[in-house]
Ligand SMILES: Cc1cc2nc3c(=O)[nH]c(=O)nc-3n(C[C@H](O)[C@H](O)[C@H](O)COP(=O)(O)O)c2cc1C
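Below, in C-alpha cells: the form predicted on its own, a single chain.
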Amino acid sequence: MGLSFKEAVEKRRTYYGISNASPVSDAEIQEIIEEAVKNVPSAFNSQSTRIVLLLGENHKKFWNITKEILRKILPTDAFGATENKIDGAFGAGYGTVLFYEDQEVVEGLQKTFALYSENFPVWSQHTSAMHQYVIWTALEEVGFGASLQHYNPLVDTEVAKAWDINPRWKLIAQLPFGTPTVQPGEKEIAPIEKRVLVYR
C-alpha cells in the first residue's frame, strides 16, 4: 500500500545517497511525470512547464556533461570534491528530471495581458516550483530518493545541443533520483507557531 499524501509530504527529503536501481518500471516513472504535467496548476492556465526525463545512458550522459563543464572552470584542487559528488550522488542514480519553462508561452502572455507583464516570469517560476515539488514527492511515494540541483545556466547550451532541446525552453532545475542507499539526517524544524498565524 502506498503512502498517504500527508506521509509522502512528510517523508520527502533530500537524498544524496542513491543507486541506479528502481522500485518501479520506467513506464510508471513516465506516468508520474505526465500526470504531474497534466494536473499541476499554472498562472492563467499557461501550461508553460516542459519536462525532459533522462533514464539509463541519457541520465549518465547528462551528469558527464555537467562534470566536464565544471572541470573546465573549477580550480584543479577544488574539482575533486565536485567530481566525487557528481559521480557518487547525482550520476549514481537511476534517472534525472530536467525542469524547463517555455519562454515563448511566457512572453506570449506578457503581450496578451500587458497589465501583468512583469508578473509572468515570476509566475512561471512558481509554476515550475509546483511541478518540481509534486514530481519530487510522487517519486518519494513510490520509493525513490531525490535531490533538487541547479547547474543551470552553466550546462544549458551543451544540454540543449545533446538532446535537441527547443532554444525557447529555459532550464530551471534538475532532479536526480534513485533508490536511497543512505538515509538523510534529522531535519531541524523551526517552531511552527512562528511560521503559521491563525486568526479565528
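No experiment lies behind these values; they were computed from the predicted model shown. Residue positions are given as counts along the sequence shown, with the first one as 1.
The form predicted in complex with this ligand exists for this protein as well; it is not shown, and the discussion that follows is about that form.
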4.5 Å heavy atom contact, F144 to this ligand in the predicted bound form: no
Contact label in the predicted bound form: T14 to this ligand, heavy atom within 4.5 Å: yes
4.5 Å heavy atom contact, F62 and this ligand in the predicted bound form: no
This ligand contact at N166 in the predicted bound form, heavy atom, 4.5 Å: no
Listed range touching this ligand, judged in the predicted bound form by heavy atoms within 4.5 Å, from 39-47, 52-60, 26-34, 148-156: 148-156
Heavy atom within 4.5 Å of this ligand in the predicted bound form - qualifying residues of 173-190: K187
